[in-house]
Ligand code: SAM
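The chain below stands alone, shown as structure tokens; this is the form predicted on its own.
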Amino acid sequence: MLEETLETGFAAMGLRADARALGRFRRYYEALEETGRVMNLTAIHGEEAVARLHFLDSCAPLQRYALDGARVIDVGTGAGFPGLPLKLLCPGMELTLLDSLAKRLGFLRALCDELGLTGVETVHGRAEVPGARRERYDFALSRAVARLNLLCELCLPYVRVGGRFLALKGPGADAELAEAGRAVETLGGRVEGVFPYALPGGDDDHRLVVVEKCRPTPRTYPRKFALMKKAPL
């Protein structure tokens, strides 16, 4: 069922997964189920649900952007979403998976080794400390981590001028965008658009929010996360 759901879903999205990619998605699913018995990775289980709500959803940015050869960072990757499914469909991208929990990154490192993936870096750290990775990436991605005004402060500092921050959001994206206007401007961004997309099964309450990086983010950002939450931009 997983392979059938993926093939049908990717075709509807104008994307294609070859046999090798489908095999890797199968092993990814099995690893999520196996490791999920001893580690909290995802609340979504079952082949069809994981295929639709994790794998297909994560790959939605490929409907608008070709990521082959791009430098991409997944901020707050968790169990690898959206970065790792994108890498399985687009193996030429250079991917950094950033998370604050070492156990999750250990799971992802082991999985990438098993799948024979190259060009994947796992980074254990907090998103609000970009360090040498500041303004290094063509794309920063985030999915289901925080509200958009906080995400902009966490993610835009990683994006080079001319690059983009892509946020995968649900039906509340318009309201979040309205409250994030000041953050986008302050951090050097410009809203390029909010693009609805559908998943197989009639689930169309999804939005890809795209913020273009127009100028460098001031060095005073990002702030400590506690301050972001207390006084969001």
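Everything quoted here is computed from the prediction, not taken from an experiment. Numbering starts at 1 and runs along the sequence shown.
One more form of this protein exists, namely the form predicted in complex with this ligand; it is left out here, but the text below deals with it.
Hey, with this ligand in the predicted bound form, do Phe81, Ser100 and Ala144 all fall inside the 4.5 Å heavy atom range?
The answer is yes: all three residues contact the partner (heavy atom, 4.5 Å cut-off).
Could you confirm whether Gly76 comes within 4.5 Å of this ligand in the predicted bound form, counting heavy atoms only?
Taking the distances in the predicted bound form, the answer for Gly76 is yes, it comes within 4.5 Å of this ligand.
Does any heavy atom of Arg109 come within 4.5 Å of a heavy atom of this ligand in the predicted bound form?
Arg109: no, not in contact with this ligand in the predicted bound form.
Indicate whether Glu94 is a 4.5 Å heavy atom neighbour of this ligand in the predicted bound form.
No, no contact at 4.5 Å.
Please tell me whether any heavy atom belonging to Ala127 falls inside 4.5 Å of a heavy atom of this ligand, as the geometry stands in the predicted bound form.
Heavy-atom contact with this ligand at 4.5 Å: present for Ala127.
Contact segment among 130-138, 144-152, 159-167, 109-117, judged by heavy atoms lying within 4.5 Å of this ligand in the predicted bound form:
So the stretch in question is 144-152.
Give, in sequence order, every residue of 161-197 that has a heavy atom within 4.5 Å of this ligand in the predicted bound form, or say none if there are no such residues.
The stretch 161-197, when checked against this ligand in the predicted bound form, contributes no residue at the 4.5 Å heavy-atom cut-off.
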